[in-house]
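What follows is a single chain, given as structure tokens, in the form predicted on its own.
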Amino acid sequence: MKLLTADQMRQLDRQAIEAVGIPSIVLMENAGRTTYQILRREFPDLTGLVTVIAGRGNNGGDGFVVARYLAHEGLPVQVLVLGEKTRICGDARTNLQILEQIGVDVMEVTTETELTSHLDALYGSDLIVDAIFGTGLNAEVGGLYRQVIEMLNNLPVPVLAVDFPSGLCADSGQALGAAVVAEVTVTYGWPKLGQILPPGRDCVGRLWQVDISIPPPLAQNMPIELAEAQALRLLLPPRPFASHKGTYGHLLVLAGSEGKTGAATLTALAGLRVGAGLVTTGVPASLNDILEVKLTEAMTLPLPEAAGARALGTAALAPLAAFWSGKSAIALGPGLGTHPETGQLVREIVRRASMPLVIDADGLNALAEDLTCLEQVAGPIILTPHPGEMSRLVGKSTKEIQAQRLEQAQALAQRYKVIVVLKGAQTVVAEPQGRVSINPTGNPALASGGTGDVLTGMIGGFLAQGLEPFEAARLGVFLHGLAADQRADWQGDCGLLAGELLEELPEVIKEFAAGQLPEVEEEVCYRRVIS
């Protein structure tokens, strides 16, 4: 499913009107009608007063259409226009005039005093429709508009947002001074970035995408998308009856140091859980006996250590290079430690290993010390930083990373020609050519040590089975979050152990492959994107 910026959505609106020939008032009618349909679906027992609060632009015009359909059904409805009605023009004015001709109360609110005079009616409403601002808002909200938004957020009345919660930035999801917190949002054409990215997601409530007749091919070249189960299911490697362990690749895991053998264990087992035929874990020689006990199904490879440390050293490069010949992929970094020799080893592996690599944790910390090795890579690279690791990689604060997750992931991917998996709520997967996938699965249960190691192993396991790096990353991230969602359904979103996430994977993958997991709710002209 494509995700759009505000400017991209304006472009598609313009193309639909000017190139395709769909009158703008038809688009407004379709927007208002489908919003009304979702309103009735979401609030089927609605019988009391509905208040539509409208701005002077096209978003207000959409709200006028909603009000008309409510009036046609015989529901009590009133409209508050924020501003002078005489300043409304175009299609919005046409729909305003229709409303007044059929007897709907349309009242101007231009001052705080006038707003206060309507408080009793607002408190007495069963539903409020927010049609103040659409996706075009690009400045901080102030004055009467801010007072209205803050008032709506304090009312004990559910709010349905028309296209976009007013006050929210369509591109970043940040509140522009103040933003409506809606229970339901109905968005037009395609979801917008700010509705999916935090903190905007918390403002949209249940998000519905509706078709207002903008031809889908117009959006086919837009580079950002929301990962969807239906498309990702096709990426699952087939399992022919006559296959064997060699069919599904051999993953080499380089992980672990003193005190961090658990990271190596989780990564290796995750590779096996997603279907890799063979996994070998390369570990510091003095820790090999520990890993032999912890790993029954994966093999181990004892390797030379750094001087005076139970961590991989530069002397491990020669035996590693001899061993990785013919292997399918490498998962590098979980629990490796930060010894200088280990960091040097990581950078040499990046320069020399020709098979796909997924790099996480201490592997990323080693790269952050000298990123020039990424300009000399021998094979495809996937980086999987959390915001703190991303901060070290690009030299920006974690706050800056979180405020521009999409842009930062894209910039790093394009600068070094790598796949970037920026972890966190709505994990971002970016490739060098500009394509970006935003992941919808996962929950706070993943805020637990070791779950990132599981993701590294999962992506490595899919790489070993032959998936292209971008697809391996998208599929791994989606299933990782899906497993956490399934577990949280009965356990809650607190206390998930990484080992329990591993246990969840086989059943989740089985149900995912069979299409048995809940899908987005979808009909001909609309579908629910966020529950």
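Keep in mind the model is a prediction, meaning the values are calculated, not measured. All residue numbers are counted from 1 along the displayed sequence.
One more form of this protein should be noted, the form predicted in complex with a small molecule, which is absent from this view; the next part is about it.
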For a quick test of understanding: in the predicted bound form, does each of Lys423, Gly481 and Ala483 have a heavy atom within 4.5 Å of the small molecule? no
TL;DR on 328-336, 274-282, 126-134, 101-109: the one with heavy atoms within 4.5 Å of the small molecule in the predicted bound form is 126-134
Taking any heavy atom pair closer than or equal to 4.5 Å as contact, tell me whether Trp208 reaches the small molecule in the predicted bound form. no
Check whether Ile212 has any heavy atom within 4.5 Å of a heavy atom of the small molecule in the predicted bound form, and answer yes or no. yes
Quick one: does Ile509 come within 4.5 Å of the small molecule in the predicted bound form, counting heavy atoms only? no
Wondering, does Val50 line up within 4.5 Å of the small molecule in the predicted bound form on heavy atoms? no
Which of these residues, Asp202, Glu375, Glu140, Glu84, gets a heavy atom within 4.5 Å of the small molecule in the predicted bound form? Glu140
Looking at Leu496, Leu27, Leu467, Ile38 here, can you tell me which has any non-hydrogen atom within 4.5 angstroms of the small molecule in the predicted bound form? Leu27
